[in-house]
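Before any questions on how it binds or moves, here is one chain, the form predicted alone, in structure tokens.
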């Protein structure tokens, strides 16, 4: 992922009497799955609609695959799939007919339509439902049909607004597997959802909005590293017989180690080395004067990360507001 598939610069959008987005800027890496999170009214749906060229902002620019979405909306739509939170299906059409309609609406040549319908139905797990009408499908199957219609033209980018809303846990899990497969095939996804635990399963990045502004945008921790290459920092939890405060100074001095937390007999660290270097670190801990009892990877929890960022941001604004009031007081 060495280039940006979506570029948003200084985007501002107003509804009558209300500013929904204020000077929003970010870059979405190609091949990523970005979780778009934030409280109700944060501007998530408005942002997706601006990226999809369905709304015109007051100011700012949006580019998808290098194309300005407002100057070249038709060209951008050929590269993009979009599923709104209140998407509709033609109830009396079969799954096959619905997919065929979407394929033709996206401009696929007649000779390619049948193959696109077959491959999309297989990708979405709907092959056995091709001749069933949409109004006979379960909620999860309807959701997959909606996504199938959005991707039948093989877009580079897929925008999804609350795709798991109303689904049971089994359907959500199946949908997560679909998103992982789409990413593996090279598609870039931007997914808005309130179900942060579900986003945890497949997201590579988090874009958090609050009150129409970017709260945080960053890559999420990943455990994928190569044997020889320098991998991203991974969180590790080490437990010792000794108290953490006694071990912490020594552990902090080890190569590629960043100490995040020390309490009782547990230390949480960030380690930026590769797997061989991690093995060497463990061997050093075992051979030291301290007694290592266990080591485990720490997976980042998207919900905890988001809530922490939100609390920090609001506390900062509250402090700034208090300081401003003090400065302006007579």
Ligand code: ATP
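On a predicted model such as this, the values are computed, not experimentally measured, just so you know. Numbering follows the first chain given and starts at 1.
Just so it is clear, the following notes concern the form predicted together with this ligand, a form of the same protein that is not shown.
Novice: Looking in the predicted complex, any heavy atom of residue 43 within 4.5 Å of this ligand?
Specialist: Contact with this ligand, yes.
Novice: Looking at the partner-bound form in the predicted complex, is residue 75 within 4.5 Å of this ligand by any heavy atom?
Specialist: Although this ligand is absent here, residue 75 would stay clear of it in the predicted complex, with no heavy atoms inside 4.5 Å.
Novice: Is residue 66 one of the residues lying within 4.5 Å of this ligand in the predicted complex, judged by heavy atom distances?
Specialist: No - in the predicted complex, heavy atoms of residue 66 and this ligand never come within 4.5 Å of each other.
Novice: Any chance residue 162 has a heavy atom within 4.5 Å of this ligand in the predicted complex?
Specialist: Judged by the heavy-atom cut-off of 4.5 Å, residue 162 is in contact with this ligand in the predicted complex.
Novice: Of these, 180, 205, 194, 133, which has a heavy atom no more than 4.5 Å from this ligand in the predicted complex?
Specialist: Residue within 4.5 Å of the partner: 194.
Novice: Choose one stretch from 284 to 292, 34 to 42, 57 to 65, 265 to 273: the one whose residues place a heavy atom within 4.5 angstroms of this ligand in the predicted complex.
Specialist: Residues of 34 to 42 come within 4.5 Å of the partner.
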